[in-house]
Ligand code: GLA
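Here you get one chain, nothing else, as structure tokens; it is the form predicted alone.
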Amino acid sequence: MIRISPARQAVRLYHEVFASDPVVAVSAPGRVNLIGEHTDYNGGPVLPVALQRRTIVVAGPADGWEFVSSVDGVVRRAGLAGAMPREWTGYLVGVARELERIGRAPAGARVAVASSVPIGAGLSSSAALTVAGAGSLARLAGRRLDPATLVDVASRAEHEQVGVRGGRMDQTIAVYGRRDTALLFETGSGTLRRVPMPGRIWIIETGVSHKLTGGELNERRRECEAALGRLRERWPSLNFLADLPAGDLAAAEALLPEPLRRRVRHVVTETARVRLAVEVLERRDLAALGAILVEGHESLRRDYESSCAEADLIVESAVAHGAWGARLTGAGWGGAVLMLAPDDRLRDVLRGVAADFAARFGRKPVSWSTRAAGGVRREALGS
């Protein structure tokens, strides 16, 4: 079967639906976070890579706003005023509102979207959409956004307009991703540092779709804010939970009730795991990174309670069959597991995971691989 690239797919869709030619096309990648889960909105470090899979947004001028996706081919119309659409178009309406706020939005647009980033798999399909959308719509208005503004517009579209209270990691890696590198993003200070990421990363989808507007992520963020407020009574200068020294963790836990105690324990230990992951990647030691992944997953399962049975089985099975390590990636409550394994064991690992998963859940998980890839870019319009 011949696969059509998202770029060609989006341009063809635009032609078919709107009977005209788009004038701009921009794509952005999904992401996989190697380690540093739920540390971004707690002021800690994260270590994501950009995927080779991408979302493309093509656009042309119009008096109003029309959107179509290759998922269903249905044209949806929306205005920038009034209630936010409660579907995928809300992300692009949010982008347009944020561009309008800074004077860089077109008067209207016809927009077609295609993507190879799985939706609901914890691989930041929403950030790929908002970053590509912001880049495309700004160019349609005759404006280019510098990288920092592009991150800001895309993140505000999700946070302020759609209401997903995450951090800025996803938009940052979608903009700043680079081939064969992970990005150490210090969310507390905003500094960026590139770290080598050799080899191939395997993604094993749980098949459980998560919805970030469903409440769990926002609830965890509220719990972390509550914990920070309590700890500031003891440490007034504590800016973020991730700033709490590991040596003070036991004292902090004694001041907190459950589940706040476990939420803080995850953030502090996960911060330490990111620091260690950077050290082992500088040595290109993927086996050591694998062990860190397993520890991170156990913390997500036990302390942050953001895993699911499908992810737990994949991690356990992968390690049992010879993988270096695996863990749930993304916000959680479904999504996908990232796995690292030596080439000479890879076939046995994938077969073993598929068999174990099928025996438990009656189906085989989807698996695929990626290397660290580049960030947002303009695409050619030729079909």
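Residues carry their position along the shown sequence, with the first being 1. Owing to the predicted nature of the structure, the values given are computational and were not obtained by experimental measurement.
This protein has a second form, the form predicted in complex with this ligand, left out of what is shown; the following refers to that one.
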Stretch from 133-141, 168-176, 84-92, 237-245 whose residues place a heavy atom within 4.5 Å of this ligand in the model of the complex: 168-176
R54: touches this ligand in the model of the complex, heavy atom cutoff 4.5 angstroms: no
Contact flag, V162 vs this ligand in the model of the complex, heavy atom cut 4.5 Å: no
In the model of the complex, L338 touching this ligand (heavy atom, 4.5 Å): no
Contact of G36 with this ligand in the model of the complex (heavy atom, 4.5 Å): yes
Heavy atom within 4.5 Å of this ligand in the model of the complex - the one residue of A252, L260, A121, L217 that qualifies: L217
The single option of G330, P29, G44, P48 touching this ligand in the model of the complex, heavy atom within 4.5 Å: G330
